[in-house]
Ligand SMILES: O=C(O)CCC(=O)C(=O)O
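A single chain, nothing else alongside it, follows as structure tokens in the form predicted on its own.
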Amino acid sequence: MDLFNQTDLFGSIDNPKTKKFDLPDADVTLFEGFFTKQESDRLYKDLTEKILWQQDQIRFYGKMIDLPRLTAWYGENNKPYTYSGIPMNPHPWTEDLLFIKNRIEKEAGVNFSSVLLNLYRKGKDSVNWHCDDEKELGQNPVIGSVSFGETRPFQLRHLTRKDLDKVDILLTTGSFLLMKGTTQHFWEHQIPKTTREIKPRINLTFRVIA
């Protein structure tokens, strides 16, 4: 299956390399180099050091276990959020987060109210198959995903169409992945584990809380 349409440009700070994926029941676009290498390195360092990271736990077969990553929730004070049974109360926006938010909003055409940050410290840190379809996100959630640090594969698979292959998208530092429309109704995604020795990665998924 040809995953890309004719939009495939050599990127620059004003015109990042753009890949629009030709997927049924989905609207997914990748902007590679959306943030410059200099911006990405600075933001990775600042977010690592300044974000109030926390170790969440989930119940698994009756036991509480650590999530295989660190998380943080930032945004508007009146926009709490719950995922995987974990209630999140937002910290106020930081200067770095507002810089990232303002940049991607111009491309996404929406005003994001909150962001969930994930710090994948090593290859065994991961997130399992899921859809970002919580009721707080509205009918057709718009998800803006920004990555800094180590490149990790972002995998997508259709919930009902078993004839469709799994899709692998490499999220490089400074990349911006935009998911819109009915994507969260028909596709689920994950960041798989790897046994390779790799450096940490920070991912920010900006959301609109209804």
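Bear in mind the structure is a predicted one, so any value in this text is a computation, not a measurement. Note that residue numbering begins at 1 and tracks the sequence as displayed.
Form predicted in complex with the named molecule: not shown, discussed below.
Contact annotation for the candidate site: F154, I191 and N203 all lie close to the named molecule in the predicted bound form (heavy atom within 4.5 Å). Comment: the named molecule is not present in this chain, but in the predicted bound form one of V28, L43, L171, V142 has a heavy atom within 4.5 Å of it, namely L171. Under a 4.5 angstroms non-hydrogen atom cutoff, the named molecule in the predicted bound form has D132 among its neighbouring residues.
Within 4.5 Å of any heavy atom of the named molecule in the predicted bound form lies no heavy atom of S114. Put simply, Y74 is far from the named molecule in the predicted bound form: not one heavy atom of it is within 4.5 Å.
Using a 4.5 Å cutoff between non-hydrogen atoms, I104 does not count as a contact of the named molecule in the predicted bound form. Interface residues of 118-136, taken as those with a heavy atom within 4.5 Å of the named molecule in the predicted bound form (partner not displayed): N118, Y120, V127, H130, D132, in sequence order.
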